[in-house]
Ligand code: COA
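In structure tokens, one chain follows: the form predicted on its own.
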Amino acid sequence: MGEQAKREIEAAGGLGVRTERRGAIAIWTIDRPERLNALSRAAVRELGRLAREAAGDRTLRAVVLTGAGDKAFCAGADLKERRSMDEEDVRDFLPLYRASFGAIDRLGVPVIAALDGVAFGGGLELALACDLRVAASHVTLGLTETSLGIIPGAGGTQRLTRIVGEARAKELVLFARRVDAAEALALGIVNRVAPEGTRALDFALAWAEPLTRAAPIAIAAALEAIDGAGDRALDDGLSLEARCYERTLASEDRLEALAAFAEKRAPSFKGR
């Protein structure tokens, strides 16, 4: 670890992210509740490290990303830390955001953001980098950067637009508009709203459970094909789909699925 990273960890009071493993599911928790789980440099760096490490874990089937407590999933950038940065420091921070969030976005297992509290600014941008999002019924979220004199700089303008479309993205970003869980569901920003009184984390873990029994090669191939659809012409996208399909065709898991069907049993996928 470099001296700069060590200084960032010391200044932030630690890495700011804790991990837990429940079988084939990893739980990554932004653990800065006293700062509403705001994103320090150290926390952003650690999230990227975890995602890159997870890419080589053949036993992993899903990740649930959440925030400590029930007040905030993540309130965005750590503004206390940000006040100590000059313009050049902030400019240098943006590539770290993009690298870490990009590593989460590209991870070959589904990543589910469990929002048990507010998700504003960079916090929502982090959730948008995940494959799926679950919100508690009381949650409020929004890309609020323009109210601070900036714009979303960690992928928010791009990922939100791909989810809700250009017109709605402009409305949400230009007005720094906050939406509740019900509206976020209607807009497609979140995939599920947990029943009232149920934590989004608990809902997300239960929702992810079938993924632990799914074919990991097929899941990774499907993620790559779907993620690649947004920025390609149809013919290019179909070519990508064919390449991803080819990986599943050559897998032992495909043969196991056929055998299980013939034998009227549940398949046992090995990721081979």
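Each residue number is its position in the shown sequence, starting from 1. These figures come from a predicted structure and were not determined experimentally.
Although it is not shown, the form predicted in complex with this ligand is what the next lines describe.
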property: Segment that reaches this ligand in the predicted bound form - one of 209-217, 235-243, 52-60, 31-39, heavy atoms within 4.5 Å; result: 31-39
property: Contact flag, Leu174 vs this ligand in the predicted bound form, heavy atom cut 4.5 Å; result: no
property: 4.5 Å heavy atom contact, Thr144 to this ligand in the predicted bound form; result: yes
property: Interface membership of Ala186, this ligand in the predicted bound form, 4.5 Å heavy atom rule; result: no
property: Heavy atom of Phe101 within 4.5 Å of this ligand in the predicted bound form; result: no
property: Single option in Cys130, Val118, Leu201, Ala181 placed near this ligand in the predicted bound form, where near means a heavy atom within 4.5 Å; result: Val118
property: The single option of Val190, Ala77, Ala113, Ala154 touching this ligand in the predicted bound form, heavy atom within 4.5 Å; result: Ala77
